[in-house]
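Listed next as structure tokens is one chain, alone, in the form predicted alone.
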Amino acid sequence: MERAAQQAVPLGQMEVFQALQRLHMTIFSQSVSPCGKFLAAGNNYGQIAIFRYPCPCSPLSMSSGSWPSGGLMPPSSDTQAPLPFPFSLSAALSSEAKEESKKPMVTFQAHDGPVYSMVSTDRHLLSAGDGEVKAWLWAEILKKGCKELWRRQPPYRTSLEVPEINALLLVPKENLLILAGGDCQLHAMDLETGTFMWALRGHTDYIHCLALRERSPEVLSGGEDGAVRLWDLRTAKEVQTIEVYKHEECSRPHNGRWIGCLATDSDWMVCGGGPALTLWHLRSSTPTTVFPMRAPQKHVTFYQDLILSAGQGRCVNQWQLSGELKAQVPGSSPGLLSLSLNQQPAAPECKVLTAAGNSCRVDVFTNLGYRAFSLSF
């Protein structure tokens, strides 16, 4: 709809139209390229923008230690495309820096509706919108040839059903892509053949978030029904349910019961949303730490010996595992929906944190103590 409206606007009014779009923009999703040098951001208009990461002289660091090595996917030589202009941290921070230096290399129309979720394999960018997931070759995107490679739609119960896909999750060892969203199911797609293998049913309302517990291997899902469910990928069955809102120390009835974010680290899980952001021991299904944050959180991740969270409000929150708030670092958006930690070993010079949400800007943190600058659609 937004694309059709844009085409109907006279050329003389295009700048006004684009300014209004940016004013009402929400960035739902981010994904790091396999080479670690590029960031994809997806918005509510179905657009994906590709930014080149800044390359700071000193990598993202904190007093608690250095950036950990690792990453899901190996680097790919296919992604080493020539760039239309140089982008460096020093240039972006200089007093003469122009706004054009913080704009995307490429912006293209990926979906008719919002881009709710994205992930990257060693060659592809996968994006999810209303009812379907699409694949794009990173090498072609960087050459400004943004044609979809393929699209897939899970087997929904009726042909009229077009639920949003809120979350994508890669399971590298099994070569699977897990999709979840508005139809209250988890769908598993074989990335080799593109076929859907099975669907997991248990949630009674739509699903917001997914996380992988690699050692098990298990997938965790959190949804509007207030439950976090653990699924064994070997048997394709539910093995554990934690109804967070039923625990008095976590419950916040005025915010609702929905689970909007979760992350795992071995036997530990952190989740939040309507209920308070809480650290859980999975084997005992016990809440161990309730973090004193009033605002509902929309994204959470483990980082070294800390937990990073964001949601309603401008700040990226840094938590000790004990529940102590170590720092709140303000960003430029009134609310945050996604955090992205670039941990690709192929680009150690591009280790930064980015945060995005209810604006057209992607905040860049080259050190977790402050926002260095913002990229913008």
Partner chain sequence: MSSESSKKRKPKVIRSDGAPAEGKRTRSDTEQEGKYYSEEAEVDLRDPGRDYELYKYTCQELQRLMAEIQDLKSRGGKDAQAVEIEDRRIQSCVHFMTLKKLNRLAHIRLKKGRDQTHEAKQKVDAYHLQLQNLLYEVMHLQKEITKCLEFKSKHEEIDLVSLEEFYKEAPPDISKAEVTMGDPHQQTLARLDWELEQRKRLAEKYRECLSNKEKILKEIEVKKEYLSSLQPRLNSIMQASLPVQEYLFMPFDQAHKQYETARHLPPPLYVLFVQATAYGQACAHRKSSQPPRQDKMLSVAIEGSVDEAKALFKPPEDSQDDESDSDAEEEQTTKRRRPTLGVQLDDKRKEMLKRHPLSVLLDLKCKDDSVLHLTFYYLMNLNIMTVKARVTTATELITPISAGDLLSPDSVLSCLYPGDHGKKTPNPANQYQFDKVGILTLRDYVLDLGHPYLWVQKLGGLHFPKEQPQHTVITDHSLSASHMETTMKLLKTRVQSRLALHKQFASLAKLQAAVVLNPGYSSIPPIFQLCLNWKGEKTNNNDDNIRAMESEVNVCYKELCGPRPGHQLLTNQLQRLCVLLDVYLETESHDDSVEGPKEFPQEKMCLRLFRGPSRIKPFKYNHPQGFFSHR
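Numbering follows the first chain given and starts at 1. Just so you know, these numbers come straight off a predicted model, no measurement behind them.
Although not depicted, the form predicted in complex with the partner chain is the subject of the following passage.
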property: Stretch in contact in the predicted complex with the partner chain, which is absent here, among 136-144, 281-289, 264-272, 203-211 (heavy atoms within 4.5 Å); result: 203-211
property: Phe38, Leu170 and Lys351 each touching the partner chain in the predicted complex (heavy atom, 4.5 Å); result: no
property: 4.5 Å heavy atom contact, Gly182 to the partner chain in the predicted complex; result: yes
property: Close approach of Trp231 to the partner chain in the predicted complex, 4.5 Å, heavy atom; result: no
property: Exercise: His187 in contact with the partner chain in the predicted complex, heavy atom 4.5 Å; result: no
property: In the predicted complex, Tyr303 touching the partner chain (heavy atom, 4.5 Å); result: no
property: Single option in Lys102, His247, His124, Lys298 placed near the partner chain in the predicted complex, where near means a heavy atom within 4.5 Å; result: Lys298
property: Residues within 4.5 Å of the partner chain in the predicted complex, restricted to 107-122 and counted by heavy atom; result: Pro114, Tyr116
